[in-house]
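The chain that follows stands alone, in the form predicted on its own, written as structure tokens.
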Amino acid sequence: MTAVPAAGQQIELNEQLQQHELPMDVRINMPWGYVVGRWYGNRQVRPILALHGWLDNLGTWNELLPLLPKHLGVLCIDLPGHGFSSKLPEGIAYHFVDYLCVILRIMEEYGWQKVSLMAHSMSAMLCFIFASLYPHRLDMLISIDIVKTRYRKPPSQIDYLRTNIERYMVEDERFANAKREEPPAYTWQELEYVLHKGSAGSVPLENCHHILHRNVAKSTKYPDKYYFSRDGRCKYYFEFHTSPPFAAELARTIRNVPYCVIKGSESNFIDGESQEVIDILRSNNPHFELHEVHGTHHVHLNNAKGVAEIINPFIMHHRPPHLETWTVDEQEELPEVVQKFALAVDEAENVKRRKRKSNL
């Protein structure tokens, strides 16, 4: 006979379940400061670690998160210099490897032997490198609208490096001055236009607030105006460039890793130059998937439903729920995969009981 909890105990249990479903802000210490995150949903099992794109922040996932399976939580973070996370010290440039180390430090903080990653844009490049270096520590990767690292031909790369260094120096001086003087302020409508234009129209005006909320601060000098609070030096971070042969070799190391790539139909970030890496991943990795969903580079923000229709079966297949961690809304049925799992468990228990009886 199953014990039925008393009314008071049931209320307390319901409150605990509701608390686990509410987002929880977290702060993870780093050698230079801290990384801020927000943990959505289930906190009883290892979550998906969600990483945003260049100059964005965890708000990029706002539209998608409510549509994802409920048995897994999602820990979204602001990368260093973005959102509410701390900035690197004055005189220190941002580098691709710094962001890669953030993943490893978060895994160390929570004691994770493996990690599940969901990434957009710059972070999708980051996770391609992470997957190639640590395929044994990755049990699932979802990449939005980028499949590999960037490559520039040598003359272009030389110009890029020179320009990046010079512009970084200017931004580093502005960073130092910002401690004494507030940066330029804008109205909210002006900020929306700046973000919309800066994203080449990828983020429509009506969705800009998801990103802006964590990237701006209210002016102390002008009523109803705001200034960009993210670190301007991030605009000129130093990328991890890979030649086509190197990118191909990196792709060959990613074997037996569930890897789902979603391309925005109106975006050219996954183009002909990505094809060799895609072909290698398809041939070497039986768990690789590539899908196209209608939308821009920020397809997960603008067409969250279309992206969720691809992601959810992928998650359910590669990280299905365990019965003890699954919660459902009132009158909501368990997913079919959970029902089958429950039946299998019941059948196994019945077999054990029959064996015990036969031994009596």
Partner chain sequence: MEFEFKEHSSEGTDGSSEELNLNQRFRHAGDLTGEPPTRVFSEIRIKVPWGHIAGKWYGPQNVQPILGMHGWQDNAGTFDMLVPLLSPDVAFLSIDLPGHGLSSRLPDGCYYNSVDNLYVIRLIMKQYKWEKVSLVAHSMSSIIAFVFAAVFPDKVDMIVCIDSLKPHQRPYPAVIRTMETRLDEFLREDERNRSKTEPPSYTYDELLERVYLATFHSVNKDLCKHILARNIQKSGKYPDKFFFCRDRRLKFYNYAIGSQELCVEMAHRITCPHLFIKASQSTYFEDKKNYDEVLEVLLKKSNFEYVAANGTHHLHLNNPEDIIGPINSFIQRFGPAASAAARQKAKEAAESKL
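Residue numbers count along the first chain shown, from 1. Just so it is clear, the model here is predicted, and its values are computed rather than measured.
The same protein has a further form, the form predicted together with its partner chain, not shown here; the description that follows concerns it.
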Does each of G91, Q157 and Y168 have at least one heavy atom within 4.5 Å of its partner chain in the model of the complex?
yes
Evaluate V97 for contact with its partner chain in the model of the complex, applying a 4.5 angstroms cut-off between non-hydrogen atoms, and reply yes or no.
yes
Taking its partner chain as it sits in the model of the complex, is S274 in contact with it (heavy atom to heavy atom, 4.5 Å or less)?
no
Would you check, heavy atoms only and a 4.5 Å threshold, whether S132 touches its partner chain in the model of the complex?
yes
With the partner left out of view, is L212 within 4.5 angstroms of its partner chain in the model of the complex by any non-hydrogen atom?
no
Among the candidates K197, H136, R282, K218, the residue which, in the model of the complex, approaches its partner chain to within 4.5 Å (heavy atoms)
H136
From the list E109, E249, E190, D224, which entry has a heavy atom within 4.5 Å of its partner chain in the model of the complex?
E249
Of these, 286 to 294, 70 to 78, 203 to 211, 98 to 106, which stretch puts a heavy atom within 4.5 angstroms of its partner chain in the model of the complex?
98 to 106
Contact set, 233 to 247 vs its partner chain in the model of the complex - heavy atom within 4.5 angstroms:
F238, F240, S243, P245, F246
